[in-house]
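Shown next as structure tokens: one chain only, the form predicted on its own.
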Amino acid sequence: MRIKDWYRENKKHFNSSELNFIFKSFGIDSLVFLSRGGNHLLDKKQAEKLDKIKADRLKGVPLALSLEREEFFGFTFKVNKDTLIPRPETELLTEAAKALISKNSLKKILDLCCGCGNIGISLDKLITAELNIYLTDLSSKSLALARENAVDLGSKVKIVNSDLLSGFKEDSFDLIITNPPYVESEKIKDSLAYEPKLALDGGKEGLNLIEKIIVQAYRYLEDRGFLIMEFGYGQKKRVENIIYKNGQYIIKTWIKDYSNIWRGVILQKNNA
């Protein structure tokens, strides 16, 4: 089978961005290739891989898991069933962290609940200043993949297995950034069911880990240090209430995603 024949038969199942990503995994830079012929003959292994991608799509499996890779900030990260798939909205939090680090000359950074390591490794690659970046997660399988990604991308981040911040007894950070589990338990279904529950489940209201992190992070931040946290759709008001109840942070700004929905917050430790 020629690659353009597979494309014509199956393009209805994917959008253009997804098709570009699929063919890029075969070493084809874009769909422009197809418009110029696309007469490349698929070998048996390639044809089987493409057919599996289609079968996965019909079952609702996320494309990133079919390809075992996802792009984040222009970097390609390995992903698998043991890690959360990086999302575009998390790029916005990473961009906010990048700006904050540069503006305030922050040096010691923690990517909490790091998953495949996309936030911390991206910051390490994007910022030219010398940083001391730690990645931590409860899942040893996630950390193994984060370590692979760090090696593949030439990043010198430090990796620590820890239940939230418990593994950092004497450490303190200029910035903690986190994309914690925040999905309401009952909403973990359809395509989300293929991702690890440990990385998604935030309890009945999705706030279990968010509240714990807000409480714990204060003790691990330097004076006037920052906490950047992602949260879920419709959770802004409840997260705000947790912050005000805690009373130990200044809210610097709220972050919206590409759909103009509130999805993150930047907090600063209040030393008053």
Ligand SMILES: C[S@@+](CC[C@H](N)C(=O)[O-])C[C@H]1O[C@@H](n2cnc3c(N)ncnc32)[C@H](O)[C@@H]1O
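Quick caveat: nothing in here was measured; it's all calculated off a predicted structure. Numbering starts at 1 and follows the sequence shown.
Although not depicted, the form predicted together with the named molecule is the subject of the following passage.
Note on contacts: among 113, 109, 145, 157, the single residue with a heavy atom within 4.5 Å of the named molecule in the predicted complex is 113. Note on contacts: among 123, 101, 150, 84, the single residue with a heavy atom within 4.5 Å of the named molecule in the predicted complex is 84. Contact annotation: the named molecule lies within 4.5 Å of heavy atoms from the stretch 157 to 165 in the predicted complex, the single such stretch among 101 to 109, 157 to 165, 124 to 132, 185 to 193. Within this chain, residue 92 is remote from the site of the named molecule in the predicted complex, having no heavy atom within 4.5 Å. Taking the partner from the other structure, the named molecule in the predicted complex has a heavy atom within 4.5 Å of a heavy atom of residue 209. Proximity of residue 202 to the named molecule in the predicted complex falls outside the 4.5 Å heavy atom cutoff.
In the predicted complex, the named molecule stays beyond 4.5 Å of every heavy atom belonging to residue 96. Of the residues in 124 to 141, those that come within 4.5 Å of the named molecule in the predicted complex through at least one heavy atom are, in sequence order, 137, 138, 139.
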